[in-house]
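Only one chain comes next, encoded as structure tokens, the form predicted on its own.
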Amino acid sequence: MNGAWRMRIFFLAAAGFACLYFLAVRNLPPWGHYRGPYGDVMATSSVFQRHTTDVVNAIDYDYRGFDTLGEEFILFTSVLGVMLLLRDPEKNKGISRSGNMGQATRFGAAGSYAALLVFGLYMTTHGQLTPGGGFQGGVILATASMLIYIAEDFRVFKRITSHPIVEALDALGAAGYAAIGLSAFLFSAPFLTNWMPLGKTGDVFSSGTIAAISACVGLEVTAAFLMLGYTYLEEIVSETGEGG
């Protein structure tokens, strides 16, 4: 197929998508007029039932926790597949990008890393109180490590992200979610029942299993993206032949 036909197909598909998008937008309710009764019920009952002030986390890790468990294992499996596809035992593992960044850049990266680390931990551990949770906090924590590669080099980044402990933490985070769900069987309750003490609303240790599951998700997401970043960087650095 030549370039002209590819362009025709693209514009035809784009026109169809634009029509569907226009029809979908047309059917949206007016601003401020939410038509979903389920959301109103959750907003008024989750604080009382689960002692969490963030309704989104109550839904994700409790009311529809089984669905979120599947999403976490999709991420786990996807990262595992990427690592299996890109890993090559014959590659030169000593390849490194030269770290020629100035002192100001390195100092700024170090300060930014500390700030992102604290913010990521806050997002992971306070998802039951404020917008955030394990998925958001885990991405922030993993992203912070990229500053090490930017300010230093791949060799330094590799020492942190290629360690077997990171792989173990990834598996531990995914397994921890399932284990919390299975622990409900010990109390003759259905899978993923919120059996832990709910605590006081507004306190960090409130919401029962929601906070525990969010922490497990944060651990799994952090480790998964660390390994993903390392695997991709190793491939790119090896392909370009940059050396230290």
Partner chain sequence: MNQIVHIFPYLVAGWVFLCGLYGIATSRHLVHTVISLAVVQTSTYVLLLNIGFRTGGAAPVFADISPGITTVDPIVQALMLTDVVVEATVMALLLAMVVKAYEKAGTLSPDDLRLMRG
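Numbering follows the first chain given and starts at 1. Keep in mind that this is a model prediction, so the values were computed, not measured.
Below: the form predicted together with its partner chain, not depicted.
Undergrad: Which one of these stretches, 159-167, 78-86, 104-112, 117-125, sits within 4.5 Å of its partner chain in the model of the complex when only heavy atoms are counted?
TA: So the stretch in question is 78-86.
Undergrad: Considering non-hydrogen atoms and a 4.5 Å limit, does its partner chain approach Lys200 in the model of the complex?
TA: Lys200 lies outside the contact set for its partner chain.
Undergrad: Just checking whether Ala175 would be counted as a contact of its partner chain in the model of the complex - the rule being heavy atoms within 4.5 angstroms.
TA: It does not: once its partner chain is placed as it appears in the model of the complex, Ala175 has no heavy atom within 4.5 Å of it.
Undergrad: Whether Asp54 contacts its partner chain in the model of the complex should be assessed with a 4.5 Å heavy atom distance threshold; does it?
TA: Looking in the model of the complex, residue contacts with its partner chain include Asp54, since a heavy atom lies within 4.5 Å.
Undergrad: Answer for Thr143 alone: is it within 4.5 Å of its partner chain in the model of the complex, judged on heavy atom distances?
TA: No - in the model of the complex, heavy atoms of Thr143 and its partner chain never come within 4.5 Å of each other.
Undergrad: Identify which of Ala43, Ala179, Val204, Ala189 has a heavy atom within 4.5 Å of its partner chain in the model of the complex; exactly one of them does.
TA: Looking at the other structure, the residue within range turns out to be Ala43.
Undergrad: Need the contact residues for 109-142: heavy atom within 4.5 Å of its partner chain in the model of the complex, sequence order, or none if there are none.
TA: Counting only heavy atoms within 4.5 Å of its partner chain in the model of the complex, the contacting residues of 109-142 are Leu129, Thr130, Pro131, Phe135, Gln136, Val139.
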